[in-house]
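Two forms of the same protein chain are encoded below as structure tokens; each is given separately, as structure 1 and structure 2.
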Structure 1
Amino acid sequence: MKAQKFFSEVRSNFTDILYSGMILNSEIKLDKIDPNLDADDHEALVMRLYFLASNPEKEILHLINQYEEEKYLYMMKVSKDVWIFILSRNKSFAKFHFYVKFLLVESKLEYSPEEEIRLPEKEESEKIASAKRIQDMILPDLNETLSKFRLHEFFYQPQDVIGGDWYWIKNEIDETWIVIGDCTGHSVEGALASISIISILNQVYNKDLSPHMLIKYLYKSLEDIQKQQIEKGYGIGCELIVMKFNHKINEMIYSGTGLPLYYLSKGKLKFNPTRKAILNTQKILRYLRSRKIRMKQGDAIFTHSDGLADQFGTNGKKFNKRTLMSILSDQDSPTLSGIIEAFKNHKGNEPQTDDIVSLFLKI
């Protein structure tokens, strides 16, 4: 297996990884490190442990070493002169160890110098800045488009400078369409996926559609466009929630695949989940329907991508749905600002693990 593909598989399945790569003939290759870590310090750490582990008299095949609190370094020998290393927040490496064994059970790790070619740091940052400008151009101005609501609060924070979470809004005479989405991937990859989805959404949108039919048309167009790529083993995945507000009668019609909806009315909270289409897209879409809510003055809705609920805190636990529901239920007049403050307190100094987009609206 090509080394580049191997590490791509590993990183996509284990989100706690902070630093990873391979050591070939006593040189680090194909390393990737969290931008919040010092590269030189961690490279020195890896090499010190490597020279200890590669001592021929010790016959070490793999080891785990705690580096700092909640930082664990795993090293594994995969052939005579090749080692892999993983620095992670998770000390349980059993699942990772067996996953590596599974990937390499019928093939060895292959490396070629061409895989190591990278853009210079300046060029890479310019590339990200350019992608951010394009994404910012496409994402709507919320202050202008949500002015018909009594209160609107929004939180958008990619894991990197740019990411795969996105939002889309369309204002008609008496209606407002709002779509919140979460594409697979982060950084440039995620941003390109989100731009593609928004482009398709603009093509299939029709104000006379119901929300679930808009989702079906979106998925159908996406499937047609990327059919060849999916057959090759890759493609764009997306979860979203579509909300259609009628301001004349204070009615909301919504449908979604994966993103939740919280509805607050007269101090009571109702949680409305949507089924993840990524698990079985065709089956979910076949039974997908729109739901209707007649809202009253003062009612509110809240939705978010999974990056909010799945964020790990200093206690090692996720922020999770239960915490969100507790915040929304316990406060006399809950706001997104209060939720985000609780989220940041929970997160502490832990790195952000996913892109986040969330929206709070009050009628």
Structure 2
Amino acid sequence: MKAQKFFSEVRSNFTDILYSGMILNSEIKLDKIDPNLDADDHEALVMRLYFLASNPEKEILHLINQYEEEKYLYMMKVSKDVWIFILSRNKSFAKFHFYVKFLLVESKLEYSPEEEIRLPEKEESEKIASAKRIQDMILPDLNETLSKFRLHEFFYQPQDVIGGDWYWIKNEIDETWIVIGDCTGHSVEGALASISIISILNQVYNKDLSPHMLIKYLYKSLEDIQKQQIEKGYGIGCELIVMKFNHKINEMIYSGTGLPLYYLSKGKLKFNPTRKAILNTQKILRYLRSRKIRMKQGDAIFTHSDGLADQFGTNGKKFNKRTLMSILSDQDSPTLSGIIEAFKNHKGNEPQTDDIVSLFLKI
């Protein structure tokens, strides 16, 4: 039986009801019947009681709470993790109780939590798809922006449809700026964080800055914006790498917090880790510097967010940086496609551990 069907049945049969609702796996689905009632006032109480009542150590079948003289909150356990509740001005719940039983059992409208759970997921997936379209609009077109490189390969795969990993590219006359970032959180939380960071990045960006100064300005602005949130114990965190390519002289200047840089030149691999700013932002920022690499034609760089190296495989182990390094150094002409193929073989059917963004560039 679908939640909406249940709500409409309740609406048409019980005139004293102010609102009715369901709790499915800790998610409240509310049908506000009385337009004058602020259901939010009661939601906290409903959730509080639900969490107590759904405690496996308790064996509660239903409970009634009377308050504000004429308000009666009735909660009824339908199955594990599924509760129905109503707020009514009528204290007699017997009719409602038997009616719900009839709906769920006698009428053979068997309640299927799985079916119900799919409902919000469908709605949610539509919202996520819309969010993805917005995130896609913010992320640049790679073919267009990286056309000055001899080869560019990119792998972007959020753990969910959207995520906290992101990339930002800016082309100047002879230069290309590339920023790859990994924000805390996944899915909607991560996507919102990444959009916030990209927005700040657009504000602080100046083509004359060095990469480490761009990072400093970015972190400083972020810190100013979320000062109050940080005091409350939460805020946006982000690791990133900023690369500034000068195509005229084949020079790359980079700086980063957390994301590594692999540099391949004439078959030799150099691994340049960057310090994780999340551990001690102030200290890292104080000592943060830009590094310069004079590249030759055919040289390549590779970077990735930690989702790639941290992916657990069917063997229970992480893909890890050592595997990445051996692929890059063992192959004559390594490519990102080759790395991703090895990654997928390692991952098998294991769930994706984290968002992943990875870039391989050849000049």
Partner chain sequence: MKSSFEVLLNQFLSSFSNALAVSFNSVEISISIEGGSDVEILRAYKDIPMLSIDENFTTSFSFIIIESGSIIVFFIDGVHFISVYTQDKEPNKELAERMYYKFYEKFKNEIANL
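Rigid core here is just the name for the largest C-alpha set that superposes within 1.5 Å across the two forms. Counting starts at 1 with the first residue of structure 1 and goes up one by one along its sequence. Note that this is a predicted model, so its numbers are computed, not measured.
- Here the chain taken from the form predicted together with its partner chain appears as structure 2, while structure 1 comes from elsewhere.
- A displacement of 2 angstroms or greater separates the C-alpha positions of Ser92 between structure 1 and structure 2, with the rigid core held in common.
- With the core superposed, Ile17 shows a C-alpha displacement of at least 2 Å between structure 1 and structure 2.
- The Cα position of Met325 differs by less than 2 Å between structure 1 and structure 2 after fitting on the rigid core.
- For Met47, the Cα deviation between structure 1 and structure 2 after core superposition amounts to 20.5 Å.
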